[in-house]
Ligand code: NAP
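In the form predicted on its own, a lone chain appears below as structure tokens.
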């Protein structure tokens, strides 16, 4: 029998047979999950030689959950994640406009998974629009709970929106066009600082040289500007002897081996990642900025098919494929499983199974070198052989 993963004194306690819940996902989710699970099991088997094993436990969310239980996100799913602390998932359906709220956002908020961690790096052989894609190697820490994703918004011309407009206009003199839709952008010192602290702690443990705070504080001075100020504040208070503001490095004192804390305006940061990517190592950003930057950066190194992600809190974590469900390819054994596979590598690294994580990455790199890849990569790689989702997984396993 497997054992639950525990979290004690700030660290994971993982047995040789941990139980890890999974959500296979909607659309192409079942295809990529089957492939990823085979890769995970093979990597564990080859590194541990039978001494370790993951007991996978299916839990339901999304379309499959709705069909079987009548709920898009059953309470039993949330309770199972709380009990086992770590889970991994495929993509889930998120309707545009009306309908159910994003299940991904709901999971993050209910489990307080306040940091979305997105490593973005180049794998040799992957097609890229950039001349030197290997220069981009960043880990983005995106605040996951607050900002415009908090869900406090009201449809245009509803009583709620009109009442809020009237209140803001009459009480504070705000100039808002009648009939507008209204959204609230809450950003707290607490939420901002715990995100920045996690990014700095990661930079210190991983030997990364800088943390850059990305914000639009020149326009939104009290929300995004607050994020910047609170970020510098927590760096000084909690990591003062291990960090240094960029302004002091520029004065000629040098960084002294400390992590340099920088900040950049959001639009300038997009340009910087294209023009001077090797100057950035770890990025900490509010929710919307981090969302946009993550996908834009991934596009520079080959797209979301090879972009992993993890939603991490204090003692809870859910790793996920970062792309959509691609329903037109569902059941065709066609799409790239790399995102969820690399998310699994992140998960194993977080849990301390670094040999398994390294084996997964090694296998993927080998598959890319062999040029036996799924259609999204094959159509852009000269002389590549297009293979199915399951065959790509086999190729990764061969190179583990």
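Because the structure is a prediction, the values reported are computed rather than measured. Positions refer to the first chain, counted from 1. Rigid core: the largest C-alpha set superposing within 1.5 Å between the two forms.
The form predicted in complex with the named molecule is left out here; the points below concern that form.
A.B. asks: 93, 109, 281, 223: which sits within 4.5 Å of the named molecule in the predicted complex by any heavy atom?
C.D. replies: Contact with the named molecule in the predicted complex is made by 93 alone.
A.B. asks: Only one of 327, 129, 183, 186 gets a heavy atom within 4.5 Å of the named molecule in the predicted complex. Which one?
C.D. replies: The residue in contact is 327.
A.B. asks: Run the contact test on 79, 82 and 116 with a 4.5 Å heavy atom cut-off to the named molecule in the predicted complex and return yes or no.
C.D. replies: No.
A.B. asks: I'd like to know if residue 17 sits close to the named molecule in the predicted complex, meaning any non-hydrogen atom pair within 4.5 angstroms.
C.D. replies: No, no contact at 4.5 Å.
A.B. asks: Are any of the heavy atoms in residue 287 no more than 4.5 Å from a heavy atom of the named molecule in the predicted complex?
C.D. replies: Contact with the named molecule, no.
A.B. asks: Test of understanding: in the predicted complex, would residue 343 fall inside 4.5 Å of the named molecule by heavy atoms?
C.D. replies: No - in the predicted complex, heavy atoms of residue 343 and the named molecule never come within 4.5 Å of each other.
A.B. asks: Counting only non-hydrogen atoms and a 4.5 angstroms cut-off, does residue 375 reach the named molecule in the predicted complex?
C.D. replies: Result yes; residue 375 sits at the interface with the named molecule in the predicted complex.
A.B. asks: Within 4.5 angstroms, counting heavy atoms, which one of the listed stretches 141-149, 316-324, 160-168, 235-243 is next to the named molecule in the predicted complex?
C.D. replies: Heavy atoms within 4.5 Å of the named molecule in the predicted complex occur in 316-324.
A.B. asks: Hey, which residues along 111-135 are within 4.5 angstroms of the named molecule in the predicted complex, non-hydrogen atoms only?
C.D. replies: Heavy-atom contacts to the named molecule in the predicted complex: nothing from 111-135.
A.B. asks: Taking the rigid core as the superposition reference, indicate whether the CA of residue 350 shifts 2 angstroms or more between this form and the one not shown.
C.D. replies: No.
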